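In structure tokens, the next block holds one chain alone, the form predicted on its own.
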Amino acid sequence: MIKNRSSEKIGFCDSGVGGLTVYSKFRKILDSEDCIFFGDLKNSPYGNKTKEQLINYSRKVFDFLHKKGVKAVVMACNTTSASTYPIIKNEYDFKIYPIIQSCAKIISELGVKRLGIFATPSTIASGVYESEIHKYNSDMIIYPHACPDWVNIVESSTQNQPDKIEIIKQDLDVMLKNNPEKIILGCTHYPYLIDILSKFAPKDMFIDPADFFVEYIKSDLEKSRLLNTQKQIGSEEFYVSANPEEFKKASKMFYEVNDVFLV
């Protein structure tokens, strides 16, 4: 049963800093919400982990956020949305917003026939993007492609190095052989590579699902009467399971973070 606790905090979770792409968009439209962000740097990256490992990591993060008394948790990580949400969705008494499942209907209505998906190996192996989108649009042809190196490229800020550009281009070349009309950047880190990708394909071909995601969350919070109606700017707390200074440094790509606490 979901508790109606509109004045309490909203939690955000990700394997690292990539989830800040979702968080920054959220803050632009719902800046009155009090928020807690958790980056699991100790176990990052998630994309090459087993389903059992991911479930274990997610439960630990959710347990931490539950102790903080959150009213909802935003799964800003595509990998955990794909692998762990179906398992743990009924284990907690707060709202859970998984990025893939929350965006699937909107993506299905894009009006395209051929859709590419770039994501981590774990997300691609799960097949969740395809199964969720096909619930609403069984005619859409989906081309999934795993990009195992992209998260590390973003986290290490090496995307402009020639060898890294070549890796990104090789993945894109494979995808473009399918003649997709649009390509979903199905990992929160990937939108940071949009400038590189758009050197080799039209920029408007790439879709950041975070734009759909935050609008969905806002709408659902309103419908569920969980929206915080306070007038002042909401508070922010940032926690990590390892390397707080590394998180703070890397976060500058996505969102200006001040204090980061180690848990």
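Quantities reported herein were computed from a predicted structural model and do not represent experimental measurements. Start at 1 with the first residue shown and count on from there.
Quick note: we don't show the form predicted together with a small molecule, though the next part is all about it.
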Do Ser83 and the small molecule share at least one heavy atom pair within 4.5 Å in the predicted bound form?
no
Could you confirm whether Leu172 comes within 4.5 Å of the small molecule in the predicted bound form, counting heavy atoms only?
no
Could you tell me if Phe213 has a non-hydrogen atom within 4.5 Å of the small molecule in the predicted bound form?
no
At 4.5 Å between heavy atoms, is Leu115 in contact with the small molecule in the predicted bound form?
no
Per contact check vs the small molecule in the predicted bound form (non-hydrogen atom within 4.5 angstroms), the hit among 138 to 146, 74 to 82, 176 to 184, 161 to 169 is 74 to 82
